[in-house]
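There is one chain below, alone, in structure tokens, taken in the form predicted on its own.
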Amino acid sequence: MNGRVSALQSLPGVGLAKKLLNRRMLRLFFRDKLTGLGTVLVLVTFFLAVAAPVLSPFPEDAYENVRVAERLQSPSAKHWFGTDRMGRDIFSRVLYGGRVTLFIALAVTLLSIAIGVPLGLVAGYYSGAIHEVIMRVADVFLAIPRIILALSLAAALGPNVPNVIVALSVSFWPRFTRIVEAETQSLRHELYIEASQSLGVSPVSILFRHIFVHTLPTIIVRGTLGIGFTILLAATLGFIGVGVSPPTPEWGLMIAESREYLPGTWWYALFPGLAIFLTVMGYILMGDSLRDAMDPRLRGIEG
């Protein structure tokens, strides 16, 4: 029994998770200025969203407050980003909008991983009917453009935060399934997997203790990039009118509300648009850097 435990501990999959943040990988991750820019943007936007109740000069403006006398005022010392059609402070609403947007993006990504990764592991490890059923269902969802599928589901379910999360998750999970299935297929015939099978290790343990840790870098990279694209897609749904409903402060919805007042009230659309641009760019830059840092071939070249 002790021999089995020692043999299992020596398998390469067991210690891989501990090596994800070693010095070499950190050096690769921070090797250029764009990586630092992406990291700073992600950290700053996350901090601003979390600290919105403290940083907002007019937290009561985040939702239903109305100041008719101050409507559509340009940026000033009192209202840094100006005011909207209800006289609400746009700076405060952008901060609170970050909380809503990041919550949606993180919830969608985590839910998609929770659905897609186990299905991908099972489909890649087993052949026959199990593999075919899982992958054909995933292919059906992948055959429909993500924006079209999310738009249709959001319109059918109704405009609110939980429905947006469901609509975006349904359109996102097959991408994790496809990626994990492909990696599992390439890993299941490795010698250490066959060694685990010969030692009588259960398939569940092999999938999650050995194969999963090898797919983890890919999942992290895809998830990071996915957060950025999900933010953009959530803003698109809000702009079209099938995403979050008023008076919830959401960046896409704020831009949609500004359309009838453009171009005179340029600040109304500018600042929510900048928030979307900077946040999405931060996650994309970070995702690209993570992909390069976790690529074994690049680690070998650099090391």
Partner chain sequence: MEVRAFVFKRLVLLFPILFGLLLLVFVISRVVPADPAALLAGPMAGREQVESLRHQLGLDRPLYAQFLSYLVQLGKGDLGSSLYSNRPVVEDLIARFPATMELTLVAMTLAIGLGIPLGTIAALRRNSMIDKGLTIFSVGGLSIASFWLGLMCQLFFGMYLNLLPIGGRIVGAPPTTVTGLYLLDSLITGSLGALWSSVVHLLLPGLTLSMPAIATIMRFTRSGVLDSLQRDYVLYERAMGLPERVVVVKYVLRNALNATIAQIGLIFGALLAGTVAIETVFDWPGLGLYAVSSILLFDYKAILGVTLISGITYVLVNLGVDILLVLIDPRGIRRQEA
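Numbering follows the first chain given and starts at 1. Since this is a predicted model, take the numbers as computed values, not measurements.
Omitted here: the form predicted in complex with its partner chain. The next part is about that form.
Within 4.5 Å of its partner chain in the model of the complex, a heavy atom is found for every one of V140, L232 and S258. W266 belongs to the set of residues with a heavy atom inside 4.5 Å of its partner chain in the model of the complex. Residue contact with its partner chain in the model of the complex: L48 places no heavy atom within 4.5 Å of it. Shown alone here, A114 lies farther than 4.5 Å from its partner chain in the model of the complex, counting heavy atoms only. Its partner chain in the model of the complex comes within 4.5 Å of no heavy atom belonging to P162.
In summary, the region of this chain contacting its partner chain in the model of the complex, judged by heavy atoms within 4.5 Å and restricted to 145-153, 68-76, 87-95, 114-122, corresponds to 145-153. Interface residue among I179, L157, I220, L110 relative to its partner chain in the model of the complex, by the heavy atom within 4.5 Å criterion: L157.
Contact annotation for 102-133: no residue has a non-hydrogen atom within 4.5 angstroms of its partner chain in the model of the complex.
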